[in-house]
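Shown next as structure tokens: one chain only, the form predicted on its own.
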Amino acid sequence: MKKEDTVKLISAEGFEFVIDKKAAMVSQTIRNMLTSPGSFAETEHGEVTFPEISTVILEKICQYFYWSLQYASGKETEFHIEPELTLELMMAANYLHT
């Protein structure tokens, strides 16, 4: 896979998730960061750092992006969310507009 087809999402702890750009575009916020005109670091490097989102939450968000693409293509499966992650995940989802 080409580098321009992927996006690197970096958690508060510095853990890096390299995911398909199409999956990352599920988030309106990430889409805006990567496609906005100008010379923004996110646009130029294909990296987005989330200093307020923990590794565990960002991992679950990445899983959701892929699940959302499958759901949109007609594959209906369950997306399990651990109860202890719910509040933090809702706050991150609100920020990411997902």
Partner chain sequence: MSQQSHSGSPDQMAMYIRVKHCKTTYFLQCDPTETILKIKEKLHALIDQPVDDQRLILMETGRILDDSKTLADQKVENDAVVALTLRKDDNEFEDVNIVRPNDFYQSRDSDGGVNC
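Numbering follows the first chain given and starts at 1. Note that the structure is predicted; figures quoted are calculated from it, not measured.
Below, we turn to the form predicted in complex with its partner chain, even though it does not appear here.
Engineer: Look up in the model of the complex whether I19 has a non-hydrogen atom within 4.5 angstroms of its partner chain, and give yes or no.
Structural biologist: Yes, contact at 4.5 Å.
Engineer: Does any part of C62 reach within 4.5 Å of its partner chain in the model of the complex? Heavy atoms only, please.
Structural biologist: Yes - in the model of the complex, heavy atoms of C62 and its partner chain come within 4.5 Å of each other.
Engineer: Is A41 close enough to touch its partner chain in the model of the complex, meaning at least one heavy atom pair within 4.5 Å?
Structural biologist: Flag for A41 set to no.
Engineer: Hey, in the model of the complex, is E13 touching its partner chain, heavy atoms inside 4.5 Å?
Structural biologist: E13 belongs to the contact set for its partner chain.
Engineer: In sequence order, which positions of 43-60 have a non-hydrogen atom within 4.5 Å of its partner chain in the model of the complex?
Structural biologist: If the 4.5 Å heavy-atom criterion is applied to its partner chain in the model of the complex, 43-60 yields T55, V56, E59.
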